[in-house]
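Here's a solo chain for you in structure tokens, the form predicted on its own.
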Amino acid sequence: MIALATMADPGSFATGPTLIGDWKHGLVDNADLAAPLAFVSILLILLSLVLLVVIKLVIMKVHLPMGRIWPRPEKLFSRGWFPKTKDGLAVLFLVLFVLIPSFFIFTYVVSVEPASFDWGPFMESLMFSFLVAGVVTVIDIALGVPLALYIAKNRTGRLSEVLDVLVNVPLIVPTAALGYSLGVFWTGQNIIPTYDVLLIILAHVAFTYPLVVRNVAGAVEEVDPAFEETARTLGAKPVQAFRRVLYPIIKSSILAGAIMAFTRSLGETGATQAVVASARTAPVYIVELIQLKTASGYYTAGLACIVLIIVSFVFMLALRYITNRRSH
């Protein structure tokens, strides 16, 4: 395709989501990129749907997890050196492949020569990111918890089974493809005013909403329905039974879903750029700094990453502290 030759750098490796991001930026100057953008987005969405169906069929066919018992191997792997080795390797993997690479940016910023840092654009992008993530999380909880309750409490219904499958789709579709599809829908149908912040919020809700639904639905399924039924027989209304009986049991799962939705929205770049190419959230701003390919850009991006990590960590701790304090 012509767009491949015009937008991709020779020798560079491009995935579907990165192509969507590049072509979305080029769409302003080259209207011919609209067709390739739509084609790649549709292809990624269809492939994700096929993958979801295949995985579901494989799980049903193989009956995972397997119910067969192997006494001797299980006994061997449950004592002696094997459990200690397993735990040690798990901790070692966490340190070497997760923690050290994730926080290596701290040593990088300290070791290189400091460059001038303009706090204005970064703080604006950071506040914008927190605004979007906060609004998205509130919408996810307000609308995701009721759907999770419906799915978990109506397992025998056909509609519940269909919704249980469909809610997983945004989780496996690349966010760049999903974001472009959402952008075309919301801007092309004239349903709402095309404010950039509103488009970004709607896009982020689409791929974070399932995180809340999945967490809450899984927690509700583990709760014995007799708890709520007993409360109902004692005169409690449905809302009272949920607030006084079910909510205290599943609130940790609601919190987990909210944290996952917030952090997922806070760190998203692909869908944001696909919906509004000119949007500047904190992750998009960091990507723009890296694309400068200068020492000053790398240093500024590193410092911005550190600030984003610290602010996000403090926010998560504060949220958990407030939640735990209310529970006591």
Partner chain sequence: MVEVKLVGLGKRYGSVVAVNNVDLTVADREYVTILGPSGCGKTTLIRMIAGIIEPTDGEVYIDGKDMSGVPIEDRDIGYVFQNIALFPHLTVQDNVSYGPRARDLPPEDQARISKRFLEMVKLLDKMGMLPDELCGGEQQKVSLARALSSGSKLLLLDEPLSALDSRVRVDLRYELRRLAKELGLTTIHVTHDQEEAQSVSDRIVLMRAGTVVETGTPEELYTRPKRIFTANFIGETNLLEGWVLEIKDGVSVIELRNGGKVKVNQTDHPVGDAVVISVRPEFVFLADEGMRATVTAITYMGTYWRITANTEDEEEVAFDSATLDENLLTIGKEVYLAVNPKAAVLYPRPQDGVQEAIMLE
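A quick note: this is a predicted structure, and the numbers were derived from the prediction, not measured. Positions refer to the first chain, counted from 1.
Just so it is clear, the following notes concern the form predicted in complex with the partner chain, a form of the same protein that is not shown.
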query: Stretch in contact in the model of the complex with the partner chain, which is absent here, among 86-94, 222-230, 198-206, 165-173 (heavy atoms within 4.5 Å); finding: 222-230
query: L234, R244 and P248 all contacting the partner chain in the model of the complex, non-hydrogen atom within 4.5 Å; finding: yes
query: Heavy atom of P238 within 4.5 Å of the partner chain in the model of the complex; finding: yes
